[in-house]
Structure formats: C-alpha cells, structure tokens
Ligand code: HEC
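Here we start with a single chain on its own, the form predicted on its own, put down as structure tokens.
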C-alpha cells in the first residue's frame, strides 16, 4: 500500500476520540444531568400541545433519525433530520450551523412552530409546575427552578438535553478494526476487512478525494459546502443554508457570546466571534459525519437521495462546471485571511464505474457501528 494512502487511512482514527470538555455547559459531563436530559428528550410535555418530543424525530431505533426525507413535528419542516449520535464532537449544529453549541441546538426545535411549537414561557412553566421535572432540575442544578430567571432556566433545559446527547457516541465499526490493524501492522486482522470495502476505502482517500471534506475520525471537516443539490424547496421558496444559519446565530440570545455561556472567558466562542456573512455562504450546507451513514437514509439536506448508491452516483455525475462557477470559499480558521479556494478541493465529476460505486457503498457500510454484545 502506498504510504500516502496508508497515512490518509490512519488519519480517520482512532475511534472513539478522547472526550473534550465543554466549559460553556457546567453540567455537560454530569451523570445526573444526562439522566434528567434523557427524561426531557422523551417528554412531549415540553411541546406546545403535549404531543411532540425530541424523540419524535430522533428515534433510537433509526440511529436517532426518522427515515423521512424531511422532519415532521407539528407540521412538515424543510430539512432532513440529522442524527444526534456523536453530536458532541461538532463545531456547528444543524444543516446551516444556526447554533454554536449542543445545548443551544437542543433549544431550537422547542421553539420552531413546525417542530415542537413551544415558547420559553411554556417550557419554564413545565419545569416549575410539574413536580417530577422540578425535582429533576433541583437534583442537577442544586437550586429550585422557582429561583431561576426564565432565560437561564430555559438555557438549562438545553444543557441537560446536551448532557444526555453527550452520551450518544457511536461504537466501533469494521473500518475501525481495519484501521487499527493497519496502524499496528497486523496483516491477519487486516485480512478480515471485506475486499470490496477496502477497494472503496482506497478510492475514498485516493482518486475520489472524498476525504478532502469527509476527513478525520468523524469523517467530516464540520464546515459547509455546496454539493450540487437544489436549494429550491417544493413550494418554490429558496433555502439559503449557511447564509440563513449565520444570521440566526448572530441574532441568538443563546450563542456562546451571550450571558448563558457558563464559561466567563468565552474560550470556545472564537468561531462565533469571527463568523461573517458573505456571498459565498449562499446555498452551503454542513458536511455531515459518515459514521453510521448506512443507518440514516435518506440523505442530503432535503432528503432527496434515498440510498447510498444514489449519493455516490450523484457525486460520480456531479456538474463540476456549475459548482466551479459558484463563488469559491476556503476552509480556514477564525480570523485567518482566506485565500482563493484551490480548484482541487471542489467536488468534481468522478465518472465512476458501477463496480467503483458499489465498492464505495461497501466502504460506507463498513462505517456502521457493531451491535452491542
């Protein structure tokens, strides 16, 4: 195996990565908060009519998605339901990055009229007036919800929900076993990896260059891009993706720059502080993780591709000219001067054979976590 290919493969691990402390959420690592957050996640009382819970769209049996093209709560939404498994490793949340922390992302569906349709006042009243929820809050936050102002109490709901989601980490996959065997030079263990998945992996990090965006242990750079999927909704409206997400982030009371961040130094708010609206943001959507991707169909921000084969075929036949005419956007760190985006980082027509498409799908399926024993 070529050294560059080997290094690229090794760069997708090890898994799971070490936990990263979230100073913006004082209960992020609290076992009691995770238990309370799980209760809230499955509790429809937080919705306006008492019928919709977080788990209505994020079903455990479907990898915490809903297997629908777009989510349906109190009404039909515009975007595909993203899994919350491994969400703790994200930098931005949602397809458009409208929130910058897992706890703020957990608040957004509560207020969306198409999802849970609630209001801050309704949620905090439930915590104050429902004895079991009030007791759960006291156990976690060491004070009565009656003594906490509405804004902080509402933020704390998100922080408990985030503590639960922090426990949802995907298990190791066949790929992880192969990657670690490659790292230690164990050829016998490497031979257990299916031949078609290995061909697909070598294509993924080689000629197809999928790892330019789907990189690292989570198989995502966590940023945003255009990938040739229409931004026009069925009703004719336009979904501008990242551009609308930045506007929502900048207007949010619950961003990492706001008073509900538990970290006085705002040490994790650098990305939020430097993010800026530009024309390049129009029509960009977040690059998703590929872990457990075989369990989370359908795909893309609008759920328009039903199978992994359709996804790979989309990239095989993508209109590279149209994408190259779109305004280039470089992936960089906050505050950096962004150079023109290198042409080789654009999605491009791959012209894959049917066997290559099948091999890439076999590789993607090998990213599925192993069953619990």
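Positions refer to the first chain, counted from 1. The structure displayed is predicted, hence computed values, not measured ones.
Keep in mind that the form predicted in complex with the ligand is not shown, yet the notes after this line are about it.
**Student:** Check each of 133, 213, 198, 275 and return the one that places a heavy atom within 4.5 angstroms of the ligand in the predicted complex.
**Tutor:** Of the listed residues, the single hit is 213.
**Student:** Of the options 155, 256, 116, 246, which one has a non-hydrogen atom that comes within 4.5 Å of the ligand in the predicted complex?
**Tutor:** By the 4.5 Å heavy-atom cutoff, the listed residue in contact is 116.
**Student:** Kindly indicate whether 57, 73 and 90 are, all three, within 4.5 angstroms of the ligand in the predicted complex, using heavy atoms.
**Tutor:** Every listed residue reaches the ligand in the predicted complex, so yes.
**Student:** Tell me which of 145-153, 175-183, 259-267, 290-298 has residues with heavy atoms within 4.5 angstroms of the ligand in the predicted complex?
**Tutor:** In the other structure, the partner sits against 290-298.
**Student:** Is residue 9 a contact residue for the ligand in the predicted complex, using a 4.5 Å heavy atom cut-off?
**Tutor:** Residue 9: no, not in contact with the ligand in the predicted complex.
**Student:** Is residue 100 part of the interface with the ligand in the predicted complex - any heavy atom within 4.5 Å?
**Tutor:** It does not: once the ligand is placed as it appears in the predicted complex, residue 100 has no heavy atom within 4.5 Å of it.
**Student:** In the predicted complex, does residue 227 have a heavy atom within 4.5 Å of the ligand?
**Tutor:** Yes, residue 227 lies within 4.5 Å of the ligand in the predicted complex.
**Student:** Even though the ligand is not shown here, does residue 110 get within 4.5 Å of it in the predicted complex, heavy atoms only?
**Tutor:** Taking the distances in the predicted complex, the answer for residue 110 is yes, it comes within 4.5 Å of the ligand.
**Student:** Taking heavy atoms and a 4.5 Å limit, what residues of 163-178 are near the ligand in the predicted complex?
**Tutor:** Just 165.
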